[in-house]
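Shown below, as structure tokens, is a lone chain in the form predicted alone; questions about how it binds or moves come after it.
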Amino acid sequence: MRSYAEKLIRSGTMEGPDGAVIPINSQISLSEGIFLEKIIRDIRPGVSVEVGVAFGVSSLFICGALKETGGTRHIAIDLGPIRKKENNELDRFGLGIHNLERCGYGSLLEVWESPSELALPDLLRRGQRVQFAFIDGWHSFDHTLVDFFYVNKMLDVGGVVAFHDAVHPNVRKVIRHVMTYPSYRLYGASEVEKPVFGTARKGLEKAVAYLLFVIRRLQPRRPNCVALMKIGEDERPWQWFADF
């Protein structure tokens, strides 16, 4: 339900189960959500997997497009917790699940409250296959690479893996590494968003803020969501190496 996802992005808040207004963070932008929808509509996956759900904004775009194209399951992996230990209230991941269920996507969900480096190998061990993956978990180089390592083993040929926060140097380096694989090619990237000026400052502080805004606006900007398509089986020999 894109309208609800757009509302969350615009307001930066959500309504909890008890009606309380809760500030949210870690959400994707509208253009990134539209990009994820485009991928789903293009490749029409049956099963998708997402690492790093948080408040579920990206999941809303993915599940909405899955439901539209006949997809059957979205595997949602997040460290959690779903509920806070001290009062049993929904924590960030739990609120994300709540958002998805509120929009009617509960039947699509398979929820894993687990570190991705444990959940993904368990999925692989049971023989899970996926056709779309969205990696937006822990952004260290090793964690991002481990997430991709297992996704690659589960992703069908013709499937797509998308990386969020591709401007982060660690994530960008993983993408560069994967682009050296013979079995992957660039699928596409989200629209590059220009910064928008807005401040409550006045006088000299406002002038300085505007100057910094202009400088940022003129700087080259990279897309924050990059997707790669798997175009063949991963048949690299054991001694394969390509510099990146």
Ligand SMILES: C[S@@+](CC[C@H](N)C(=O)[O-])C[C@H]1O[C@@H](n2cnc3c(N)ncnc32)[C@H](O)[C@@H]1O
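Just so we're clear, the structure is a prediction, and the values are computed from it rather than from any experiment. For every residue, the number given is its place in the sequence shown, counted from 1.
Not pictured, yet referred to below: the form predicted in complex with the ligand.
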property	result
Heavy atom within 4.5 Å of the ligand in the model of the complex - the one residue of I28, I39, V47, I175 that qualifies	I28
Listed residue that, although the ligand is not shown, lies within 4.5 Å of it in the model of the complex (heavy atoms), from H168, H143, R73, R102	H143
Contact test, all of R92, E117 and F134, partner the ligand in the model of the complex, heavy atom 4.5 Å	yes
Heavy atom contact within 4.5 Å of the ligand in the model of the complex, the stretch among 82 to 90, 149 to 157, 135 to 143, 102 to 110	135 to 143
Contact of I43 with the ligand in the model of the complex (heavy atom, 4.5 Å)	no
Residue contact check: S58 to the ligand in the model of the complex, 4.5 Å heavy atom	yes
The ligand contact in the model of the complex: G64, any heavy atom under 4.5 Å	no
Proximity of A54 to the ligand in the model of the complex, heavy atoms at 4.5 Å	yes
